[in-house]
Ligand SMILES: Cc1cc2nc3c(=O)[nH]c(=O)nc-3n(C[C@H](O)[C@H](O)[C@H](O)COP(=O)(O)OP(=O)(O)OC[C@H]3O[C@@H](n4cnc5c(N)ncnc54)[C@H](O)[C@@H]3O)c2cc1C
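A single chain comes next, written as structure tokens; it is the form predicted on its own.
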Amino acid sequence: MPVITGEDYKKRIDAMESEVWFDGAKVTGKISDHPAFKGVVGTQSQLYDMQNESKIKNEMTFASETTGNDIGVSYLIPRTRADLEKRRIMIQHWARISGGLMGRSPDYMNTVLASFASSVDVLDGEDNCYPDRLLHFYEYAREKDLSFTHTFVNPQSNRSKLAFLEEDVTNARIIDRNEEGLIIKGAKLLATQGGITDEILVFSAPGAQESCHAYGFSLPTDTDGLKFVCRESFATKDSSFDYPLSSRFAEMDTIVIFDGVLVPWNRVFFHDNIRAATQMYLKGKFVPFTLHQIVSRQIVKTEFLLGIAQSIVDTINISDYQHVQSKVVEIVKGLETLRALLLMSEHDAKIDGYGVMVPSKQPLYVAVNQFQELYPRFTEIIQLLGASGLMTIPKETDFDTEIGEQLDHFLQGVEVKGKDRVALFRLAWDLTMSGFGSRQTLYERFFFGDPVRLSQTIYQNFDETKSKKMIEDFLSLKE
């Protein structure tokens, strides 16, 4: 079938009736109508509809080489630099719908699955590894235009270096292997969009110490014994004026509990193989593909932040102050740096031995690590520019009362009525100060892992040969 529509997506997830727990109760009825999920499901539906818009369909889809169907570009395994550019354009089309605030829009997980499918050589000849199953599932998923969440993080019960010596009581692990498949018991973090996707992709992070923790598989989210436990919602209010971002883009984060879940063999890509689990991350294409998608989105998010910052400056007429200009320029410099690093990764991309065009990892590592440092500063800049204006933000209903005309006057900006100025400042507040905004900052601080460990990876992977040779040559010069 060709790419789905937003209505197709809603119907599929409503029909599944996955086991989702929210606020002490199991979610019943259509999940797309639930207050905690309605906004993000509606936005996600918009994304799927975009794939069918005639003006940009060529940028959003490609023709399947096996069926001829229109497939979403986020499933595309790039073979040329033009393919990488096509992926970037598509990703940023979707990102602009949310201002880059949906870190788990479908293109992220579609990219993950494409990276796995293009890395099946890592599984060849390995014990308990099934590359053909992975390739078959990739084609099945892209032809059905499936949506995914994923989980691979272990619960934070013990994060010490010697934690693996303790008897495991929390991490999801294989407890049995029988004729039907694997039996999984335990928990995993942190499935963003858990319960509102067709599938959940489950795989091991590098560093597994026991074979029972080394696996990769995918399951429908309504599989028996699979439970999604939600945190408190940031999206229970419908007003797009009062909560312009959280009402539409708040992605739920969930704990995933595997209560003796059966994973059928045809859904198992590898199991009981620590080496394969590690190599899929280290030697596969997961890192370069996903980082390319992440940085493409983060550029749009930075553009969104810059737009808010400059709009505040113009609305209250503070552009003549040097410190204001300096603050806005911080965001500009961050934006241009991210753009340059992304383009460098595409320029330096290389074809591997299997005909896949792989973007250069090092500039992408630098970009995502840089954004971990930049994003909290960017939100701080918006707070500093908005100052007390971020607290004087009446709700929309206040403007509809007998004092609305006075509020329109007393809260006005430069050539902007009070209600319009408050709408802008509520947008800035929702991004930087609300529960939704605080979650966004934490999310970007740790995106793709701990920032210190990520900087260590950059250090370890950097080729210092030319720089050292320059010094050696300099010191060897004689007068």
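The first residue of the shown sequence is 1; numbering continues from there. This structure is a prediction, so every number in the text was calculated from the model and none was measured.
There is another form of the same protein, the form predicted in complex with the named molecule; it is not shown, and what comes next is about it.
Student: Does L282 reach the named molecule in the predicted complex if we count a contact as any heavy atom within 4.5 Å?
Tutor: Answer no; every heavy atom of L282 is more than 4.5 Å from the named molecule in the predicted complex.
Student: Quick one: is D49 in contact with the named molecule in the predicted complex, heavy atoms, 4.5 Å cut-off?
Tutor: D49 lies outside the contact set for the named molecule.
Student: Using 4.5 Å between non-hydrogen atoms, is L442 touching the named molecule in the predicted complex?
Tutor: Within the cut-off, so yes.
Student: Would you classify Q92 as touching the named molecule in the predicted complex, given a 4.5 Å non-hydrogen atom cut-off?
Tutor: So Q92 does not count as contacting the named molecule.
Student: Only one of these stretches, 285 to 293, 337 to 345, 116 to 124, 190 to 198, has heavy atoms within 4.5 Å of the named molecule in the predicted complex; which one is it?
Tutor: One stretch meets the cut-off, namely 190 to 198.
Student: Quick one: of R88, K227, R173, R104, which gets a non-hydrogen atom within 4.5 angstroms of the named molecule in the predicted complex?
Tutor: By the 4.5 Å heavy-atom cutoff, the listed residue in contact is R104.
Student: Just to confirm, with a 4.5 Å cut-off on non-hydrogen atoms, which of D242, E139, D253, D272 contacts the named molecule in the predicted complex?
Tutor: The residue in contact is D253.
Student: Hey, which residues along 429 to 455 are within 4.5 angstroms of the named molecule in the predicted complex, non-hydrogen atoms only?
Tutor: The stretch touches the partner through R439, L442, Y443, F446, F447, G449, D450, V452, R453.
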